[in-house]
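Take a look at this single chain in structure tokens; it is the form predicted on its own.
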């Protein structure tokens, strides 16, 4: 069936013709290694990789074999299974803050439960987040995610319909990387704040020197739960995630994407005293937090995650991943410089993107200054040249090889030459 026909069918049965995730004008048929093909047979180098999970590439043979073995034994049980326990052990071995793990199916769930966990552990109600930070689809997370109306901090702006006005008062919003503002807000409202949730690297914006440590110090001082949202950065920035890279240990972190090896799986991981709120026998009467999920700890996802983590532990894997990213970042810089385009490349070698702008980028409002028209034109030509990427991030995978890098470089050259001045 042709892609055009499927797009038409989707418009009848799916709101806006899609799943809500990505451009509904392209329908992917299959993926293998570093490549994907759409329903018309067009081939692309995949720099989206499922929005991050496929760090090994599509259909890695060892992951496929492990999943096939588990499928023969059963798909899900709604009961403990050995593979899920082994994955929890692997996470606790790798991640500094992880003394215990609770599985869920999506990163959105993990972030939602992490914020609720902070409330249960402290008996306080308010959550502090940073403008532009993405923490899933809960009502709390949809506050000041991508506000068009820029208001004074710490007022929250709902970015979605269906969020009650009353919730706005439970969220405090701060500018990312502003140590002074974070310090003053926490000091002023400390007795109300249950948790501070932050992406250690917010979307593509790196933390300023001392910023994460300042959050750690303030949360420790005031008994606030510090939550690192590592759904993206976990097992991607380092085997121990961003907390290993930056040397800052939160009380709780959320994980997703890589730990499921391409299957629906996410987790809340944290210090045992905080995670005790999930345990009815250990939690106080008002502190017990119920969490049930039909597919939580699903054994198929668990074996895919276990095999993915096993492969990532092998010598040279992260070096290869980072070298690939550095090569593509260098290609973008070279060709945009040659085209006379002001630009910034931000992020980490394993996950980054670029903005068409001059000047420093420290927070969401700085990112909004980027030239969206130039950015869209650049990405549009990349797509035409057979490069499949997100309009916001460029994800690396271990499946990318020298031939892919050569094709990407040629595509970047064409895209840079096409951007209007």
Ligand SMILES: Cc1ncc(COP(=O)(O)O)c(C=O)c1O
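Bear in mind that the values here come from a model prediction, so they are computed numbers and not experimental data. Numbering follows the first chain given and starts at 1.
The same protein also has a form predicted in complex with the ligand, omitted here; what follows describes it.
Residue contact check: residue 136 to the ligand in the predicted complex, 4.5 Å heavy atom: Answer yes; at least one heavy atom of residue 136 falls within 4.5 Å of the ligand in the predicted complex.
Give a yes or no for residue 119: in the predicted complex, does one of its heavy atoms lie within 4.5 Å of a heavy atom belonging to the ligand? Outside the cut-off, so no.
Given that the ligand is not shown alongside this chain, does residue 257 nevertheless sit within 4.5 Å of it in the predicted complex, heavy atom to heavy atom? Flag for residue 257 set to yes.
Can you check whether residue 107 is within 4.5 Å of the ligand in the predicted complex, heavy atom basis? Looking in the predicted complex, residue contacts with the ligand include residue 107, since a heavy atom lies within 4.5 Å.
Among the candidates 212, 87, 231, 274, the residue which, in the predicted complex, approaches the ligand to within 4.5 Å (heavy atoms): The option sitting close enough to the partner is 231.
Which of these residues, 216, 348, 203, 335, gets a heavy atom within 4.5 Å of the ligand in the predicted complex? Selected option: 203.
Which of these stretches, 231-239, 320-328, 302-310, 340-348, has heavy atoms within 4.5 Å of the ligand in the predicted complex? Stretch with heavy atoms near the partner: 231-239.
Though the partner is not shown here, which residues of 343-363 have a heavy atom within 4.5 Å of the ligand in the predicted complex? If the 4.5 Å heavy-atom criterion is applied to the ligand in the predicted complex, 343-363 yields nothing.
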